[in-house]
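Okay, so we've got the same protein chain twice, two forms, each given alone as structure tokens, structure 1 and structure 2.
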Structure 1
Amino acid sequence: MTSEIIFYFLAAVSVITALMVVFSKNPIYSVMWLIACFFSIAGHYVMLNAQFLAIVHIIVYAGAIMVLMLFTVMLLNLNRESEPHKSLLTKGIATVTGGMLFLVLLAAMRSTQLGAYASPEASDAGFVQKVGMVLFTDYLLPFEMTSVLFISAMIGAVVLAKKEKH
């Protein structure tokens, strides 16, 4: 019962913060709401017995990515006044489209066969030990490849952000 209450609470937080990200006028606020949203998702991860992932999620998203975003927003000096707006018609169309997409996706999800997973099983699937085992055996090559991806992303970012000499 408690877990259900926790789930509903976290779900509400996730949805509301996500909405706030979208509808905040000031980019700084958006970033802040997003951080909150990520924390709630981390909570979901804990609920789902993925403790390792929850920690990684907070470190990577809240710790790294969002800080990066925040820096960028401040670096570019974006604020409420400089924020461009779409026309009301576009906004309406966008909202309607998003809502329709939600309905369509939901309908698609409904047809998913969930029979096998009807009740959650207690397992140690999310423990560090287990994730580590899988990561370093079955997925070793992709794991090593991520380092290549990171290197190229780093170089790419440096090259792109570098001020061109005139």
Structure 2
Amino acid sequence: MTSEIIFYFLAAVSVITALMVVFSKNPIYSVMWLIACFFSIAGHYVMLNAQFLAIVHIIVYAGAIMVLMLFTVMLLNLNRESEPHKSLLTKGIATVTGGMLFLVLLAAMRSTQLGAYASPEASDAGFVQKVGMVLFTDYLLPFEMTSVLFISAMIGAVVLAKKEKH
């Protein structure tokens, strides 16, 4: 019973903080809400008996990635006065794209089975050796592609932050 209460509490915190990321006016507050969301997701990992994944999640995402995002937000200096206004066509395309994403999410949710939460049995699913074996055998290509994605994102942030010479 207590594990269900903790699960629903963490789920509510995750959803609320994720919504605050989207609806915050200040980008710095969005980053801070995202850190809180990452901590609640790490709580889910602990409940699944995957303590190693929880710690790595906190170190990698809340530590390293969020610091990079915070620096990127500060470098871009997102002021309302200097922000270019988007055309109606751009806003319409963004709305249609968001609606299509929402439909895909609804279709994915429709095919899942919702049931009662069951606490997992003690297993070695979240331990270092098991995670390392799966990561570097089954998921080696996505792991390496993610590193290339992070490098390209950092290069893009530097290019966007660089001042143009006139």
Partner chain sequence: MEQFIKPIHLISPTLLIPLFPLLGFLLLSFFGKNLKQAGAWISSLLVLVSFVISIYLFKELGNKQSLDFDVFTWMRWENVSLNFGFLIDPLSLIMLLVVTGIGFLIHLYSIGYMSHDEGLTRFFAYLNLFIFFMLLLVMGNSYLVMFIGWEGVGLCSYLLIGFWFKKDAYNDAAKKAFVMNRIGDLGFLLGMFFMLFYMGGLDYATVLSSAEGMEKGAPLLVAITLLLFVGAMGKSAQIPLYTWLPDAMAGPTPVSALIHAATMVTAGIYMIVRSNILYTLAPFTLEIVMWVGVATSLFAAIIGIKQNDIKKVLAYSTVSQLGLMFAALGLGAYTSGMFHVVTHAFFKALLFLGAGSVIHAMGGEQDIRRMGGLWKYIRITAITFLIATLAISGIFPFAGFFSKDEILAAAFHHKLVWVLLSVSSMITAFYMFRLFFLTFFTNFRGTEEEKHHLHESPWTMTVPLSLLAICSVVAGFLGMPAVFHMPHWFNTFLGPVVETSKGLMGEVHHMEHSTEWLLMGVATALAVASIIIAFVIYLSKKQVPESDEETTGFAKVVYNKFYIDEIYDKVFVKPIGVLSDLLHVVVDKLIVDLLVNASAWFVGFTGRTMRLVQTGNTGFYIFAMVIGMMVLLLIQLVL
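Numbering for residues begins at 1 and runs along the sequence of structure 1. As the structure is a prediction and not an experimental result, all values here were calculated from the model. If you superpose the two forms and keep the largest set of C-alpha atoms that fall within 1.5 Å, you have the rigid core.
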note = Taken from the structure described, the form predicted together with its partner chain is structure 1
query = V15: CA shift of at least 2 Å between structure 1 and structure 2 after core fit?
reply = no
message = Is the shift of Y29 between structure 1 and structure 2 large enough to count as movement, that is, does its C-alpha move by 2 Å or more after the core is superposed?
response = no
Distance moved by the L101 C-alpha between structure 1 and structure 2 (core-aligned, Å) = 5.8
remark   = Core-superposed C-alpha displacement of A153 between structure 1 and structure 2, in angstrom, equals 8.3
